[in-house]
Structure formats: C-alpha cells, structure tokens
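The chain below stands alone and is given as structure tokens, in the form predicted alone.
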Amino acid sequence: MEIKAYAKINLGLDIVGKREDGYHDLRTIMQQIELYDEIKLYAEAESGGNTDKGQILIGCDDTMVPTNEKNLAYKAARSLFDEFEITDAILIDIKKHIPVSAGLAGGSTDAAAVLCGVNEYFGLGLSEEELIERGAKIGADVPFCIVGGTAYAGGIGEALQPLGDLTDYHVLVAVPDTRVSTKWAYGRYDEIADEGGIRHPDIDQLMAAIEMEDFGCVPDFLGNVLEYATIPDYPVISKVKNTMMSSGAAGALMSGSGPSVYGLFMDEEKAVKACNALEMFELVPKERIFLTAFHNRS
C-alpha cells in the first residue's frame, strides 16, 4: 500500500491559554500543501515463527528520523496493533520530502497516514472520527493530518472544524537550515506573554474570509504568535519573510514553531523571483525551498 502524507502550514495560530497538563490551548487554522512524504506499508502474515507477532519495522531514507519506538509512525501502528491484537508483521517505509523539525507536521502527517493505512489494510473499520480520537493521543497535529484540507482547530488541536477549500495561491515554502524545538518555542512564548505586548491574530476574521471564499483577504489576516518567541533567536526567519514580501508575496508567515516560512503569491513569476532571491542571498539552501500549492480534501 502506498500513501501520500501531506505537510501542513498554519494560516493563523493563536495561544489562548495554558492547561494544567502543560499543553497549550490553541486557536489555529491549518492548511495542507502539495508537499508530501511517501509511505509504503508491507505486511507479512505470521508464519512458521519467521517473524515476531505484531512486529513493526520502520525504514526511512533520512537519518535524522528515528526508526524505533520514538517515531510517531511507529507509535501509530503500535497503538492499532495492540488494540486489535494484530499478529502480522509490518514494514513501514518512509521516503521523506518534508524537512524534519520544521513546523510542517512531518512526523504527525506520517503518523496520520499510518493510522489510516493500517485501518484500511487490515479492515479494522474505524471511522474518521474514531481515527481522530486515537490520533490525538499520539500528537496534537495528527487529528488535522487525518482530516486534511483546510480546518480550524481548537483545544490542543483535536477539536476540528473543516473549512471550505482554498484556491488561487501559489505557495512558496522555505526552510532555513536550522532546527527549532517546539517545546522550547512554547516555553519561550510563555515567558514573553507574561511581559505583554503580544498582538494576537484575528482567527475569526480569517475563518470568515475562507468560508465566504473571499480569498483575496486571507493574507491580511495571517498571524502566528509563536513568531514572538522564535524570531528573536532565529532572525533568519524574519529575513526570509521580508525577502518573500519584497518579491511580491501577498503575505508571508512562519509555520508552527518554525523555522519554516511560507509566502502566498497570486503570480507564479513573483514566487519564482522569491525563490531566486532566497538562493542569491544564501538564506535557505536550494533543496529546502519548495514551490507548491494548497492540497484540498475534494
């Protein structure tokens, strides 16, 4: 079985509180893009003692990705194998195109794809809602990656409301050659938020623009409060945003906790101009720049 696991960007991300369990309550609008990992599932029935019962093996072409129980795709498969007492062995082969630790939900989307794939491959009969419930236990972005398309998410990301399809834009994603810890970014945000001065994005207006198909207004409402935490320590993010805007982007924003930055362009030529500028100024390696589009459910 072959599955495409799509990356996501945050069109808007606001933090509205911190929970007793250490997680943060969010209001965010997420959008899948046509950048994806390729996942292949190979199952082998238990036979003659040649394989361990319920064995899960992970293969990946990116050495930065763990291939043990720390991998979210492994956790996804293990959760269903244990729940449904699956005794077959399975190999999960992951070909990475989504950069690691980039704010693009690379690990979460792989986990979501494996949940859906194992459910289909073994005929478990779980509904999308039931998969979402299980995905929320693996990671905050996993439920959205199961639903896909464009969606509003509340809570820690598990309370989902699918929105209408976005069109019209070319999406340029640039991933500076650095890694940002999500845990660190949220902790740093808490420190900064206590000092005040945070400008929160208008998630309601952004959602209304999408629902009314007023796509021209979408860039006006882009916003991510985690920029306050990440950009001071990683100024390259601001430089990438400014380069995209000066090249003609309608809007540019950091995705998640970074360091990924995306720009929305009405004109493909301007997006290509931004690609060239990012390379010329050596802000982002060529292999970490992606000119792509929105991926919608329909």
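One-based numbering along the sequence shown. Worth saying up front: this structure is predicted, and the values here are computed from it rather than measured.
Same protein, other form: the form predicted in complex with adenosine-5'-triphosphate (ATP), not shown, and the subject of what follows.
J.: Partner absent here, but in the predicted bound form, which of 153 to 161, 117 to 125, 67 to 75, 217 to 225 has residues with a heavy atom within 4.5 Å of adenosine-5'-triphosphate (ATP)?
T.: Selected range: 67 to 75.
J.: Just give me the single entry in Leu166, Ile94, Ala113, Val175 that has a non-hydrogen atom within 4.5 angstroms of adenosine-5'-triphosphate (ATP) in the predicted bound form.
T.: Only one listed residue qualifies here, and that residue is Ile94.
J.: Please tell me which of Ile210, Ala185, Ala102, Ile146 lies within 4.5 Å of adenosine-5'-triphosphate (ATP) in the predicted bound form, judged by heavy atoms.
T.: That would be Ala102.
J.: So, Gly107 and adenosine-5'-triphosphate (ATP): in the predicted bound form, are they within 4.5 Å at any heavy atom pair?
T.: Within the cut-off, so yes.
J.: His200 near adenosine-5'-triphosphate (ATP) in the predicted bound form, any heavy atom under 4.5 Å?
T.: The answer is no: His200 has no heavy atom within 4.5 Å of adenosine-5'-triphosphate (ATP).
J.: Contact between Lys137 and adenosine-5'-triphosphate (ATP) in the predicted bound form at 4.5 Å, heavy atoms?
T.: Answer no; every heavy atom of Lys137 is more than 4.5 Å from adenosine-5'-triphosphate (ATP) in the predicted bound form.
J.: Residue by residue through 128 to 157, tell me which have a non-hydrogen atom within 4.5 angstroms of adenosine-5'-triphosphate (ATP) in the predicted bound form.
T.: The stretch 128 to 157, when checked against adenosine-5'-triphosphate (ATP) in the predicted bound form, contributes only Asp141 at the 4.5 Å heavy-atom cut-off.
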